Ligand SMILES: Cc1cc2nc3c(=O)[nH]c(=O)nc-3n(C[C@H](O)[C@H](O)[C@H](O)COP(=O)(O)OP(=O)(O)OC[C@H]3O[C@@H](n4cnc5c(N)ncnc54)[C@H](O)[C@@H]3O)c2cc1C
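Presented below, as structure tokens, is a lone chain in the form predicted alone.
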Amino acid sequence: MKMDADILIVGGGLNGPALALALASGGLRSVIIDAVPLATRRKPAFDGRAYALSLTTVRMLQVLGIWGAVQAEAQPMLDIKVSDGKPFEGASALHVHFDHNEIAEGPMGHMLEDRFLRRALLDAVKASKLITQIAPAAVAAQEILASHAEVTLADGRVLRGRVLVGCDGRRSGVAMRAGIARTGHDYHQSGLVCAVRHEKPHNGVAYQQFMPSGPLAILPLKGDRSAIVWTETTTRAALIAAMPDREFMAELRPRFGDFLGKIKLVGKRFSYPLNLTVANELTQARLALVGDAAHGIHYLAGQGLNLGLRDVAALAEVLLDAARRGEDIGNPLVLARYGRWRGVDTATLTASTDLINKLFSNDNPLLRAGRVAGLGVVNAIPSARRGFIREAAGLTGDLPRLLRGLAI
């Protein structure tokens, strides 16, 4: 039976195109099925987020030929300062200072706005002869057969491939149609996202202030700008999001503080609900889940996209190695290798971010005292600081070749 592609990828966000490019680097053909029109995804204001790309994610983008197109817009993240804070008091004097000079590899990561990364991925996909992108297109049904997977689109077209991959987000239709249950809960928090311009240079330093309602991250962007990721309770966030810009900034300034001088809003504001959702299975016969379709976590560690791209690198390596050995890449035993590889890392990061949010997003005096003591201990032990830095840089664990800067 004629196949439309080796891999059918549902979801055209960031992980879907990255997976298609990784597979194409080893000669496998992909079809990306995206419900969102390409023209919409290409709009600069489509997504207001900026990403803390780990050092290993940057290596992967270099191998895939993406980094050269975005490097000029990427801000090296040299230091991270983490502190416990209170509303209208700013950060406490005690903080943990993670300095990139404590590891030999260089900056632990780079900040990059979505608008630049998304455009570079779409350009690379368009230029590849091994990738077809169908958008807008809605998936009406899917079927897993002995020899292949089939996807039926809303317009009646049927596409066939050896493996079906869900890169379609936290409410993954691929997972639901496969009967894959999910575990998780609502944080009753929302993230308010924007960018500000400030008088003083940030010097490549990122700040994470843990407030009772949730973390406030101040992340360095190119120029004298910073990305703001401000977590509030869902009810309070809705009120703040509805405020005019002037009132919004009046709420932000006391939390931000004056260490970077006067601040001014630049660009649009965005709001995102926060929840934890983890698929109970990463793979089935001829099916795999990647990124938020597999695990949607709290963004307080800035690892959501990095976690998804680790999935991409691992799955691409498993599929390409299997294809070169002459194996059926949709065999459940082949895909189970991906599930085992990613299972521990996913479970560890999911549990740790969930625990950190519970411990820090409150004003309990006992917990606050414990947090301050814990920050002091970490700050005083160089080996502990280096461990956290290496974790943030993505240098721990069993890394796929792409994350080590090697071609698959």
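So that there is no doubt, residue numbering starts at 1 and follows the sequence shown. Note that the structure is predicted; figures quoted are calculated from it, not measured.
Note that the form predicted together with the named molecule isn't included here; everything after this is about it.
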Among the candidate residues 167, 163, 319, 108, which is the single one with a non-hydrogen atom no more than 4.5 Å from the named molecule in the model of the complex? 167
Heavy atom within 4.5 Å of the named molecule in the model of the complex: which of 299, 187, 98, 338? 299
Spell out, yes or no, whether the shortest heavy atom distance between residue 13 and the named molecule in the model of the complex is within 4.5 Å. yes
How about residue 232 - does it come within 4.5 Å of the named molecule in the model of the complex, if we only consider non-hydrogen atoms? no
Does residue 214 reach the named molecule in the model of the complex if we count a contact as any heavy atom within 4.5 Å? no
Does residue 60 make contact with the named molecule in the model of the complex, using a 4.5 Å heavy atom cut-off? no
Given 137 to 145, 321 to 329, 252 to 260, 281 to 289, the stretch touching the named molecule in the model of the complex at heavy atoms within 4.5 Å is 137 to 145
